[in-house]
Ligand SMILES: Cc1cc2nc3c(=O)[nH]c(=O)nc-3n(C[C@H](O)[C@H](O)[C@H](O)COP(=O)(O)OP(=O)(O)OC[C@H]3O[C@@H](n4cnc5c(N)ncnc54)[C@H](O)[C@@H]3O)c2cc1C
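One chain follows as structure tokens, the form predicted alone.
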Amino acid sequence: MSYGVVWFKRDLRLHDHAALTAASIDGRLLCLYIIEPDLWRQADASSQHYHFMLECLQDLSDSLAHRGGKLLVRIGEPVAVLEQLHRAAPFTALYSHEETGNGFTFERDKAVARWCLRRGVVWREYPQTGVIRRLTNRDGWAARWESFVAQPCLPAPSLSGIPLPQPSQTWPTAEELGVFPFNPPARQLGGRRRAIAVLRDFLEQRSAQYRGGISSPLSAPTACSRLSPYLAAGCLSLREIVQATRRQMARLPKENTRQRKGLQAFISRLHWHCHFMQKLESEPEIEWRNMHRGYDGLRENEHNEAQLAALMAGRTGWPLVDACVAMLNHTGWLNFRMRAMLVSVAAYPLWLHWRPVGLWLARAFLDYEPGIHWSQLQMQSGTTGINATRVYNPVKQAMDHDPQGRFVRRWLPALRQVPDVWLFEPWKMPDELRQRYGLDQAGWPAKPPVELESATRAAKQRLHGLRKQPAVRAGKAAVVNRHGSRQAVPAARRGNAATAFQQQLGLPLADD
């Protein structure tokens, strides 16, 4: 019996699934998901990611069952699982999407490729984002991204499955796997059905708030699309989201400029989503080493564990910072500006290295996407060598984006009675007022770990002093060539890639 195995990873859907479609065209198939204990014990994983994945997996399994199919779930290291499956019922091909994941998944995929070569199994991988494998520089990247998202979405295919050669194993708990225990009580729930509902709600209603609403922590929870965790897990494809957004724009009345501009800005963010993932794909080492090697040694030897602990606990004494940590601990989500502010505070006044900060935030962000995450950690910390210094003053950010203190008071009960004049700088209050408003009783820090202005100024001087050195300046060109953005190419050049993609899968050249 000849058949192919479709290996689901972070692509938990049936629609617009190139690997599944190709396998269904080639013949009989088996749908496989592998729960990898070693992957879930990595330092960037937490139990919220695992629970979210299980919710997505249940949705996927239900969708397959509705079509008469089954999902085989096995537990173990992928090479061992594939070997056991191959011995039970030899297969000729393995189908999956390309993955731009952490270093563990990169090494795992290389091991799977070696196993396929030994066993004579053809491994066919397909892109599911605008990220391009084996890219040497960014010339023409924007045009290729546009060609990819313009290709027709693939419908869920008809499936010709085989009887499961092995039983599915019971899904272990996060505790049994030893996953880092962090599962916020108000995190988003997983699954394609929920993802579609969130997408529709955003496109039809909330997108009108997108421009102007995504920066403030007060308005961002509803103004932002909230699609990022579903995109990270692959419940929705990038192409589905882009095309649904463009269809919604086409339906809008011409006078509805607010929502139209919101959707245009959203598509721009989707472009940047892949732009940053491409950086990790092109240089996997940026997960653990500086993008510009001239910045090696800048912070590595001066890491302050006590200050990192205060930041992670939301006990820095800077109210907006600590309120953001409280929200993150409750929801697993923050808007982009507040994320950037947290990293800025860590990198500059606290002078923390981006790697341990990044591991903490990777566990805390439900929508953790390695390519975006590590690129942003380095950009916000100033170690890319090609980006302007981004320093966010947490007091000014509070005044700009929470002027009445509603966000701070919501998430920090200890400060709810503090008057506005002291709210964002409570360390300046006289001792008698601290007593009156109960800050000492609540254990609120007497002052931040460093003096904000002087520590930030000293950090910027150190960074800029290094940046001016001839050797560091000389190394910038190589980083730009590999990672710098390029101008978009006109849409007139987009057609050929879409045609080639459909022909590759053996599909008719018809619209979705």
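All figures in this text were calculated on a predicted structure; none of them were measured in a lab. All residue numbers are counted from 1 along the displayed sequence.
Separately, the form predicted in complex with this ligand exists; it is not shown, and the next lines address it.
Visitor: Would you point out which of 73-81, 247-255, 271-279, 320-328 contains residues with a non-hydrogen atom within 4.5 Å of this ligand in the predicted complex?
Guide: Looking at the partner contacts, the answer comes out as 271-279.
Visitor: Is there any non-hydrogen atom of Trp422 lying within 4.5 Å of this ligand in the predicted complex?
Guide: Taking the distances in the predicted complex, the answer for Trp422 is no, it never comes within 4.5 Å of this ligand.
Visitor: Is Gln376 close to this ligand in the predicted complex, meaning a heavy atom pair under 4.5 Å apart or at it?
Guide: Yes, Gln376 sits close enough to this ligand in the predicted complex that at least one of its heavy atoms falls within 4.5 Å.
Visitor: Classify Phe336 as contacting or not contacting this ligand in the predicted complex by the rule of any non-hydrogen atom within 4.5 angstroms, answering yes or no.
Guide: Yes, Phe336 is a contact residue.
Visitor: With heavy atoms only and a cut-off of 4.5 Å, decide whether Ser147 touches this ligand in the predicted complex.
Guide: So Ser147 does not count as contacting this ligand.
Visitor: Considering non-hydrogen atoms and a 4.5 Å limit, which listed residue (Trp141, Tyr368, Trp411, Tyr437) is close to this ligand in the predicted complex?
Guide: It is Tyr368 that has a heavy atom within 4.5 Å of the partner.
Visitor: Taking 4.5 Å between heavy atoms as the contact cutoff, choose which of Gln397, Gln128, Ser225, Asn290 touches this ligand in the predicted complex.
Guide: By the 4.5 Å criterion, the partner-contacting residue is Ser225.
Visitor: May I ask whether Phe266, Ile372 and Gln380 each come within 4.5 Å of this ligand in the predicted complex, counting any non-hydrogen atom?
Guide: The answer is yes; Phe266, Ile372 and Gln380 each reach this ligand.
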